[in-house]
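As a starting point, one isolated chain is supplied in structure tokens, in the form predicted on its own.
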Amino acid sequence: MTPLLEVDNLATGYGQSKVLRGVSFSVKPGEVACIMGRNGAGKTTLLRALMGVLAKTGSVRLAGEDITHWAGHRVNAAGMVWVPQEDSVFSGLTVRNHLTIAVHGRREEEEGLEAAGALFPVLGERLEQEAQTLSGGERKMLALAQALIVRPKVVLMDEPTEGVAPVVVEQLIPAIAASTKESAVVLVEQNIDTALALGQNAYLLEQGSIAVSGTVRDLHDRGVLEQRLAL
């Protein structure tokens, strides 16, 4: 199966400071690739580079097309979406507003709203509620719904379960799994249980490069994840 995302020898950083050097991996449709590593290893920097926020060298291909030097809005329009770690709701806008903006030009509005409600029923019940008044877990659901209902080719997720109550995580994991069967997912995740539940392959970043890679299950069973992450 041809990969949806191909990253080859990617290097990037901030100004004169190089954060990533020679990162290479690929992700096929239906695959969740877990990017793991200690704090400061460059995980979020990698997502920013893939999304076109940071300049980079090497190459990035989306569905066979070279997008290495594309701006973020063009990368997004081509089918790559990003669910950042930080809060992304806008003051004064309702849940409906957020979802409508997400699907604009990509899907019929009502169809998108129905898809969001199917993913997370609580969102369907709170369409007219101001998004800023949602709980932390519900905001995570909204951020994921905005990305997933546009039927993306590639989804970049930055620790979607961090700081979320276990009862909410139990809702997030099956929704992510069900919605990404045809997408390629790059998941930055420190929680090993979440990585095991969602991921197939893992890539551990150390000092700007991939130090270890393999299946999530094998690396876990051999104690590599715990050792490298110092958990």
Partner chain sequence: MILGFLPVDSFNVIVLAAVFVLVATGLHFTFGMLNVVNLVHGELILIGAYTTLQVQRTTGNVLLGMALAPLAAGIVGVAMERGVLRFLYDRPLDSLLATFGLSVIIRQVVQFVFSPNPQIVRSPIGGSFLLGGFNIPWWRLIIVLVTSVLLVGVIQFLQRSRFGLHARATVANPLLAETMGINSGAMRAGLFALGSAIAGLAGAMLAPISTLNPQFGLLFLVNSFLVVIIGGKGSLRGLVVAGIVLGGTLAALQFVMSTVMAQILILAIAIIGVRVRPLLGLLREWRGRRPLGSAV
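On a predicted model such as this, the values are computed, not experimentally measured, just so you know. Positions refer to the first chain, counted from 1. Throughout, rigid core stands for the largest set of C-alpha atoms superposing within 1.5 Å between the two forms.
There is another form of the same protein, the form predicted in complex with its partner chain; it is not shown, and what comes next is about it.
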- Just to confirm, R139 within 4.5 Å of its partner chain in the predicted complex by heavy atoms? yes
- Message: Contact with its partner chain in the predicted complex for P84, defined as at least one heavy atom pair within 4.5 Å: yes or no?
- Response: yes
- Task: Flag R151 as yes or no: does it have a non-hydrogen atom within 4.5 angstroms of any non-hydrogen atom of its partner chain in the predicted complex?
- Result: no
- Distance check, A102 to its partner chain in the predicted complex, heavy atom within 4.5 Å: yes
- Task: Would you kindly say which of A175, A63, M51, L196 lies with a heavy atom within 4.5 Å of its partner chain in the predicted complex?
- Result: M51
- Note on the structure: Among 51-59, 188-196, 202-210, 30-38, the stretch whose residues bring a heavy atom within 4.5 Å of its partner chain in the predicted complex is 51-59
- Query: Check H73, S88 and Q146: does every one of them have a heavy atom within 4.5 Å of its partner chain in the predicted complex?
  - Reply: yes
- Query: If you line up the core, does A71 shift 2 angstroms or more at its C-alpha between the shown form and the other one?
  - Reply: no
